[in-house]
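One chain comes next, on its own, written out as structure tokens in the form predicted alone.
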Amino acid sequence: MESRAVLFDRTGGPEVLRLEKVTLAEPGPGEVLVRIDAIGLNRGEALFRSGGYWYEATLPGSRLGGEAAGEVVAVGPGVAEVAPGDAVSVLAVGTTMSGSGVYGDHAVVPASTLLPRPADMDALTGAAVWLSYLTAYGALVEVGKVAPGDHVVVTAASSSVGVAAIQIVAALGGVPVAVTRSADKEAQLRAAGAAHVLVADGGPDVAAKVREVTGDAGARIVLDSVAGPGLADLATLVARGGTLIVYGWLDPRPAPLPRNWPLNIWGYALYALVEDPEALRRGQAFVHAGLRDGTLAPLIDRTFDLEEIVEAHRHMEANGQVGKIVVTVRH
């Protein structure tokens, strides 16, 4: 069938992206054709597009994207878990974006990347919730074992994972401490549930403020997506015997080994959750329950049309967002 897809032929800035017509093959064994209604943007896709991701794009003509919501159109041989007409979310963790990226109006993806989308979950929410909330859930609950009263420092707090982490910590009775580079985001982060908001640049010393809000004990968990040379300083925010969980590398420079031992350091990836059926089941149940009772609610920063994908990536790289950027698809 003929479809529209976002492609790029060389790595670089948002301007390398283009929207054009492509021909999609019928889904093969274990694959599903999905009509895409909404796409959730993630920082890793900007890294992939620019050549800074952990694996390289297959060029020219690479596709892009790993999170979306839509409806099953057709299934390939051997697929029994979904059927045409089913509402689904796509969480393509562990697949190569070049071949099965979801930036487009249709995509052929492995059936294993689909999550059922309940009738009360619209496409915007279905595209905005899973990568962010499952990442935060896996890191904080499955690994960090966050408990009531725990102080949890969240860096890059205005990101979609940061907002999810704030809400999850608050829902479990913890004390979310948001770290941001912009004082302009304080009100939104507090509205999302942050008990404290610390400005990293041009504001008070973060380490001193963390000691102040934790009674000089430090945070039991620090959740970080930046890494880089600042990691050693960030580790000083962790309470004795606490855990530093690093789930991203926005700063690609080498990160020194922190030395404020005893300290638990955990490099977290969503693969750990998605590849464990029981952990994934627990994560889905946790998120669904939070959505139902209102303790979890994806914060959508801004929506763009598919035709505006270059502008959407520029907005993401401007670092002004609070929450998730979603691209909608008109059919």
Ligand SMILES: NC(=O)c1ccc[n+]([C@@H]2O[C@H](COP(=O)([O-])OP(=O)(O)OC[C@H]3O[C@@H](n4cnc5c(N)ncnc54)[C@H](OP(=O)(O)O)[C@@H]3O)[C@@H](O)[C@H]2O)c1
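Not measured: the values here are computed from a predicted model. Residue numbers here begin at 1 and follow the sequence given.
What comes next is about the form predicted together with the ligand, which does not appear here.
K.L.:
Among 101-109, 235-243, 74-82, 182-190, which stretch has residues with heavy atoms no more than 4.5 Å from the ligand in the predicted bound form?
P.N.:
Flagged stretch: 182-190.
K.L.:
Which one, Val226, Met121, Ala87, Val143, lies within 4.5 Å of the ligand in the predicted bound form by heavy atoms?
P.N.:
The option sitting close enough to the partner is Val226.
K.L.:
What is the one choice in Ser159, Gln167, Thr113, Thr125 with a heavy atom within 4.5 Å of the ligand in the predicted bound form?
P.N.:
In short, Ser159.
K.L.:
Even though the ligand is not shown here, does it sit in the predicted bound form so that Asn42, Ala269 and Gly323 each have a heavy atom within 4.5 Å?
P.N.:
Yes: Asn42, Ala269 and Gly323 each sit within 4.5 Å of the ligand in the predicted bound form.
K.L.:
Is Leu250 a contact residue for the ligand in the predicted bound form, using a 4.5 Å heavy atom cut-off?
P.N.:
Looking in the predicted bound form, residue contacts with the ligand include Leu250, since a heavy atom lies within 4.5 Å.
K.L.:
Does Met316 reach the ligand in the predicted bound form, with heavy atoms at most 4.5 Å apart?
P.N.:
Yes.
K.L.:
Quick one: does Leu131 come within 4.5 Å of the ligand in the predicted bound form, counting heavy atoms only?
P.N.:
Looking in the predicted bound form, residue contacts with the ligand include Leu131, since a heavy atom lies within 4.5 Å.
K.L.:
Would you classify Leu47 as touching the ligand in the predicted bound form, given a 4.5 Å non-hydrogen atom cut-off?
P.N.:
Yes, Leu47 sits close enough to the ligand in the predicted bound form that at least one of its heavy atoms falls within 4.5 Å.
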